[in-house]
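As structure tokens, one chain now follows by itself in the form predicted alone.
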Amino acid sequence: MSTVPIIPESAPFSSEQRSWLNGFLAGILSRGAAGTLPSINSNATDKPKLLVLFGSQSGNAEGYSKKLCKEANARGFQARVAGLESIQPEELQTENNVLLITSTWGEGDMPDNAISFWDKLNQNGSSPKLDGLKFSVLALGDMNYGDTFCLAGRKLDQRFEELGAQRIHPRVDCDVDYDELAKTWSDGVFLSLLNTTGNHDETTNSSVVVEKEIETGYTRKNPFPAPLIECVALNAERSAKDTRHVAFSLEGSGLIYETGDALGLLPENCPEVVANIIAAHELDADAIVHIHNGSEAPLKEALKKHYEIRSLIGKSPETKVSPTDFINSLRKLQPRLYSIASSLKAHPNEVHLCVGAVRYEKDSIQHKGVASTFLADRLAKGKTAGVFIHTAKHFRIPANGKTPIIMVGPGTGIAPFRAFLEERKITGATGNNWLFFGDQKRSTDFLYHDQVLNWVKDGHLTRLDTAFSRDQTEKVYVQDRMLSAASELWSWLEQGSYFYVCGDASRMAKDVDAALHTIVQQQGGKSEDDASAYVNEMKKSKRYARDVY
């Protein structure tokens, strides 16, 4: 590729750096939608090695890491990708270049596959020195989590530096909609790597075309308008909760899912809330504004369908702004992910959810969960909502139907386990099934009780342990039931049982994890460290999986 020099000879670069940068900048000026970036000399006999590591819970970090590895190989690196569960920190001492992509889970926690790696990275007296390692971190998170936003990535970035590793490109923290920031980070990373490896072509300004993935069918960016089949209450009238069984039709969409996957839902904000915010800010509801997808819409429609407005509820403006400036200050309305509560084999062309409607009062102001009340209160039967399938490869039933499974899913956490049990029933899986379910009261909050009890009756559900916390003076939870059944639970684990948890991440999942460690330690006669190693091995072999939120 011939280029007109852009970097003058007087610039403080070597001839090869200047040559490469000229090609880089010329490529940027000339590239179209596909985009180009310079590559390492593909004829080099000694391609620089690059390790791409990921810490991933729902699959986003893993998916992006694999695409980045593919791109790196196209640029002339000898790149490989690995999950953090598959590598020991001391192995990094033999690496030269590492890119780390990680999500944050729960309240600032490491994703499951990164917990063991993080613990070993912080062991007193045995943490490896990482002098000579070059690295950069891309952190994925959600700004709604405030101080814990991208905390896992921030911790890893700091720890790598403390252990002597050299940061070749600044860490980038991404919100939920991360495509553009991630691309900026990867461009900067490859530029830095080219300059540090010194293995690019000195005589030509070679470049590689980075093709954008062409999405086909219905996706996050092109959701399917799924008609609502039904939205029915699962709680009895006297319940303090409002949990709904929600069913959508997928007829004609071509969408398929596996048990364990999640459904992405594009909700709409409450029109009453939109009207109150517009009035509080003294804005013109019918003013035409440009929205993020390039189209135009009246302000009230833009706020209803395209922007997050939860943080504005009850807030008065300090100064008056124009509708355009107001819109530009807001985040895009993000899809919500719900664990799928059905087996596609049992319900062809349908997808089911189990959703708890969120309603509460704070500072004399009524608050509503955006997506949950959209489903419970505002989406009429037959009307459509945009949906897509979010694959969750980490949360799958065993391929061997003879393998026993233990499921812990209180409240709406029962959703994927209803799907698991439907799938195992219709496929004739013979492995034993054990469910721990909990909620407030048996009389009002036993979700899917008829279906669950029928499975117990016909033997499909081998064992059911329930914990209804408000049915007695002393509250009882699913982790308490686990400890009461410790001996048998240990026996199932030793028989190779898979162990699954779904539900609240902040308390329940942590309490269940602590109970599991206790059972392994006490029933297995292990030390605390050996019990942790046992549980970590379960995670590594995909026998311990969590879908927590």
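Residue numbers run from 1 along the displayed sequence. Just so we're clear, the structure is a prediction, and the values are computed from it rather than from any experiment.
Just so you know, the form predicted together with a small molecule exists too; it's not on screen, but the next bit is about it.
J.: Tell me which stretch of 247-255, 292-300, 79-87, 431-439 has a heavy atom within 4.5 angstroms of the small molecule in the predicted complex.
T.: Selected range: 431-439.
J.: Since only the chain is shown here, I'm wondering whether residue 489 would be in contact with the small molecule in the predicted complex (any heavy atom pair within 4.5 Å).
T.: Looking in the predicted complex, residue contacts with the small molecule do not include residue 489, since no heavy atom lies within 4.5 Å.
J.: Would you please decide whether residue 479 lies within 4.5 angstroms of the small molecule in the predicted complex, comparing each non-hydrogen atom pair?
T.: Although the small molecule is absent here, residue 479 would touch it in the predicted complex, with heavy atoms inside 4.5 Å.
J.: Although the small molecule is absent from this view, report whether residue 469 comes within 4.5 Å of it in the predicted complex, heavy atoms only.
T.: The answer is yes: residue 469 has a heavy atom within 4.5 Å of the small molecule.
J.: Residue 356 near the small molecule in the predicted complex, any heavy atom under 4.5 Å?
T.: Answer yes; at least one heavy atom of residue 356 falls within 4.5 Å of the small molecule in the predicted complex.
J.: By the heavy atom within 4.5 Å rule, which residue out of 171, 281, 241, 120 makes contact with the small molecule in the predicted complex?
T.: Checking each option against the small molecule in the predicted complex, the one that comes within 4.5 Å is 241.
J.: Only one of 475, 320, 345, 183 comes within 4.5 Å of the small molecule in the predicted complex by heavy atoms, so just point that one out.
T.: Filtering the options by heavy-atom distance leaves 475.
J.: Could you tell me if all three of 412, 511 and 549 have a heavy atom no more than 4.5 Å from the small molecule in the predicted complex?
T.: Every residue of the spot touches the small molecule in the predicted complex.
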